[in-house]
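Shown below, as structure tokens, is a lone chain in the form predicted alone; questions about how it binds or moves come after it.
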Amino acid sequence: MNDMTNKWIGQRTIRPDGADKVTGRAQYSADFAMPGMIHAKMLRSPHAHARIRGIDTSKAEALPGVKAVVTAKDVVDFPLDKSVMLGIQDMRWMCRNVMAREKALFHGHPVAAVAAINEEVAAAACALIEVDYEVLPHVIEIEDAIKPDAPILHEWNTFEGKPSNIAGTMVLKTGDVEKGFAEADVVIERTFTSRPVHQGYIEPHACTVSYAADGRVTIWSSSQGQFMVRAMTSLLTGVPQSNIRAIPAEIGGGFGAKTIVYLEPIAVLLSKKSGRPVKMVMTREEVQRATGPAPGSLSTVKIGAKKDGSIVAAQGTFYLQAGGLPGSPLRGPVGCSFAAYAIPNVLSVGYDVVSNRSKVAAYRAPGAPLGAFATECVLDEIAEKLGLDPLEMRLKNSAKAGDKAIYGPVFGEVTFKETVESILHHPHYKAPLDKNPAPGVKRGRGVASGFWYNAGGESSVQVNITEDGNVVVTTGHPDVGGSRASIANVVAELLGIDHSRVSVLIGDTMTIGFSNLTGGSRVTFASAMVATASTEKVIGQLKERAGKIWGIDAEAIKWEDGMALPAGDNAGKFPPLSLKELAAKANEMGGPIGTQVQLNTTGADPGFATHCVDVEVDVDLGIVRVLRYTAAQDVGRALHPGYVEGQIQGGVVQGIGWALSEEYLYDKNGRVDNASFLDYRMPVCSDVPMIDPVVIEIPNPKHPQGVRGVGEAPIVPPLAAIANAVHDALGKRFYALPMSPPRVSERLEQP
């Protein structure tokens, strides 16, 4: 199946969800309504840090139209002395995130919820709830949170024997870094900072929940995993998983942030208390204040190299903001920052730091862009000091098959070198650049590379042949990156039929087998593998049916171009039987045709990317504009090139925002000051050029179609690539993000 001349695999087929989305027919979670449905609102903390001494909900409960009130006492409490893990999430923190318990840990932290006949009554009831707060000193930034005299968020948390805001560590090492640095001819050490940024999905969090009289619960919500919604809601409410049906709606963006729950457990409890279906929808302000951004960071990277550019030692220290509760993505910077390079001596250490911000959530390649920002900028500086081309230096130090990764495994096929060579020989990199096109304007070019682990995991796919000979495929993964179109291409290719005859649906927790989250660049890899196995079983059934009709063994039959054919002259002379003909005879020859396959998929090779960017800086205004961007990535096999290109382009655009404009701004009371898309500056069309994705296809030998995950790696290089380009333009290094006009102007005034 790793055949580059396939009919449907690799084609830009019409996306199956396209028409519904552009015409407004697609059903998102906020679109659902039920008879008797009521509406819920959250009461949120006005303080960044406060002990909750008591909550009086009596006035709210007495307000006409109010049907139910929920506080932390209604949510299952997970004691602090024992972790309860669901995937990578600890329920001790989740139960305190969906509803504040001992403390309000950030401005906007939920402290109560009300369900009423409409949103206006629910909001009025929230205003009647009396909360007795003991306001405490707050801390927002990493640098302040790790000081010895910092306000402590969690008195029970200790580090090195003392109460601390450092909630966890991660250490990876190989070789002897001190010995390596002693052998180096050049050593550069730099410290970098970045700000938390939001994933910026257009659709706010929303859900509709019905708790029936028999104790069965139905949840309609937009998430990156309906099985996650079921499991997490069960743990937080005490409702057995077998009593919960989680139905995925269309999803209006997630980028990793919808891999946890905020509303669903609370809506279940309100529906249970009221006996009515409950709808909850966040406002944009609530999304910005109270849902997980990507973490901010404080990183120090030290790299030593020989005169010929060989890297002999690297050390990284990465402090990541977790928000009000532990759980920042340390494995991103700690494991990924040096993974693309063959470095004999490495020490990589991460610190999980709590502060009075909303708890972080995943964001494409969680944590990896922060490590790459520091590492790739230092590499660029070393190459400059040694007089080497920065891409040639990366090629010289590229990891290769058989190298042991710092995070544990021995690499199989490594395609990092191909991404670097693709940029090195690209017309963009070779093109001359006018550094001073006009007075007060300077231009520069930068490069950077990135790495992401990629993943496999549990997936289920069901393939059924309809009575009229078409195909319905059901998967267990919400489609956030084009998986439906890709799976339709795969199944059509295997069956030898037109892709328009294949419909792909997303099943709910009662209609499809367990499937893990959509995230980690795993879904197209995993679901294509499982869809292949399921389709091959269906082809086996079709051959058996043909064998019954012809009176020969199924082994003597082949399947080609949507038809059963005798495998050779010895099998006999029979006219071909098409899929439609076999489907029409299904009931006569053994019943419906279809099967389901469930696998814990393996064989996901890592993702590598290398980017090149040209920028222009207005030195009077401090404005950085991206002029040209080229992103090379090995994707294994592009099942649907349009979606693959879109993933690469989307990751780059988000990286541009992270590098140049996006950040959370807080006032002196610890409140987010820019909690809207008007004030939170994400890139718009006029901020970005047409991004040129260079799709490298080196098939993954461990996958039937050769697929590698695509979605994460594109966001890893842009921060460093843009910083290196700005340095090339101005001759000044930037160690803090975003490189917004005020920061650029300030840096220009410095030596």
Partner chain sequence: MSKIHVSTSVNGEPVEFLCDASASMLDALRGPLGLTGTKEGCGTGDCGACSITVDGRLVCACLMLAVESEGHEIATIEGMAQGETLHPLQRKFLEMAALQCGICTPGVLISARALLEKNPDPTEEEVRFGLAGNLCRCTGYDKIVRAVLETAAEMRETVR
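What you see is a predicted model, and the numbers here were worked out from it, not measured in a lab. Positions refer to the first chain, counted from 1.
The protein also exists as the form predicted together with the partner chain; that form is not presented, and the subsequent description refers to it.
Look at 186-194, 381-389, 676-684, 232-240: in the model of the complex, residues with non-hydrogen atoms within 4.5 angstroms of the partner chain sit in 676-684. Only one of the listed residues (508, 90, 645, 458) places a non-hydrogen atom within 4.5 angstroms of the partner chain in the model of the complex, and that residue is 645. Taking 37, 52, 30, 60 one by one, only a single residue has any non-hydrogen atom within 4.5 Å of the partner chain in the model of the complex, and it is 30.
The partner chain in the model of the complex comes within 4.5 Å of no heavy atom belonging to residue 358. Although the partner is absent from this view, residue 691 contacts the partner chain in the model of the complex, with a non-hydrogen atom inside 4.5 angstroms.
For the chain shown alone, residue 363 is a contact residue for the partner chain in the model of the complex, at least one non-hydrogen atom being within 4.5 angstroms.
Contact annotation: residue 585 falls outside 4.5 Å of the partner chain in the model of the complex, judged by heavy atom distances. Counting a residue when any of its non-hydrogen atoms is within 4.5 Å of the partner chain in the model of the complex, there are no hits in 175-192.
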